[in-house]
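Below you will find one chain, with nothing else, as structure tokens; this is the form predicted on its own, and questions on how it binds or moves follow later.
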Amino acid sequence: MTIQFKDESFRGDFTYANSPSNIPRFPFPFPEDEYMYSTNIEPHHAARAGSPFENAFDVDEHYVAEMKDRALVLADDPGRCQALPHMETAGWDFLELVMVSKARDYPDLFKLTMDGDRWHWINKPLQIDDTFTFGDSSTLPCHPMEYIGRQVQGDHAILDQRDGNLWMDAGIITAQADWSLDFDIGMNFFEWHAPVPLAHELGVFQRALKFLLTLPQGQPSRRLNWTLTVNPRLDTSPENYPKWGPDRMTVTPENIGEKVHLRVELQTFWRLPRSNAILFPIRTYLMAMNEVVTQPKWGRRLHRVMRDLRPELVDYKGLSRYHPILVEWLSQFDDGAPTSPGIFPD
């Protein structure tokens, strides 16, 4: 496997873009021509070679650039990485899962050698070559969660399970869609989901929690979530709203294809072995509208989903200022033909 990593930015001049070969592997989030909240959880097993679902932790052409962006965010705001004291064992669980998975799935990029508790880890893309004692944080440059969190794409929350609930007690969160780890740290499952409209009334979160509380070890699950973002900016945190909020005012019919991005989260759920916590990776993928519509099925379907999206969801996802412009722009790519089931392009 050979991946050509891109030198690109998610801020400033926004040079991020998907190569033509990367576009068809995008995790398009709409299996039908309409959208409504649902639990939409399925087993996270290997599926469709070349897709983001092929391996446990997807690595693509944006890996190095995303890790550079994470380092910039953490340098500016260390509070984006927090772990309550009782979560250190879960941090080691997280480190082990990522290292073992990446060394297995991408042996040309990552290598892990284990001699008892003495581990040797090589990350070729980031030029990391470290030897440490598993379980001894003094042998790492930082907390195990932060150490491995700086080497894996996507945000990662670790949820402690107790009292019949899940508690967000640790996380490394630098690419979130308008929520704050600093605010949510220590909250339970229903508290951090409180702002979401409609889903509570539909019982979505009650069913999701019931499922997650019984998640077995070795049987991870996944789901897709989505929103839209103006400019390919990973860090759309509440703390930095003054930097990205005004971007919504810059969308015009002339630039909407390049400025508005479909922002998809591949969310996976893993039961960790020692701590019994749940690892919750939130891997973000970005694709400009101009790139989305290169796949005719996606262009048709996205127009229909956006056209019929309920007003509550338009408002919650922050689309109100440019939603009518987007629907009109997308209409040119919808010829009325039927679309095939599922998320993959034809």
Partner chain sequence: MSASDHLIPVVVSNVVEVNPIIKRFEFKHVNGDELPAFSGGAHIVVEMLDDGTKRKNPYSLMSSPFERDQYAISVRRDDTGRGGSKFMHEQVRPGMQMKISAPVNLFALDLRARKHLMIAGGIGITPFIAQMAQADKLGVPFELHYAARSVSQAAYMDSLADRFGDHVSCYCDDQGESVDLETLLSNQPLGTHVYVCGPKGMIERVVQTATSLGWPAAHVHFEHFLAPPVGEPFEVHLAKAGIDITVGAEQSLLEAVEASGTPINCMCRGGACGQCETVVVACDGEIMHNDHWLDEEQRAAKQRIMPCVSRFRGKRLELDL
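Positions refer to the first chain, counted from 1. Bear in mind that the values here come from a model prediction, so they are computed numbers and not experimental data.
Keep in mind the form predicted together with its partner chain is missing from the figure; the text below concerns it.
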| property | result |
| --- | --- |
| Non-hydrogen atom contact residue 137 with its partner chain in the predicted bound form at 4.5 angstroms | no |
| Partner contact for residue 276 in the predicted bound form: its partner chain, 4.5 angstroms, heavy atom | yes |
| Touches its partner chain in the predicted bound form: residue 188 (any heavy atom, 4.5 Å) | no |
| Any non-hydrogen atom of residue 124 within 4.5 angstroms of its partner chain in the predicted bound form | no |
| Per-stretch contact check against its partner chain in the predicted bound form, the hit in 239-247, 257-265, 156-164, 225-233 (non-hydrogen atom, 4.5 angstroms) | 156-164 |
| Residue among 203, 79, 107, 216 with a heavy atom within 4.5 Å of its partner chain in the predicted bound form | 216 |
| Contact at 66, 118 and 141 by its partner chain in the predicted bound form, all three, heavy atom at most 4.5 Å | no |
| Stretch 80-113 - residues with a heavy atom within 4.5 Å of its partner chain in the predicted bound form | 86, 89, 96 |
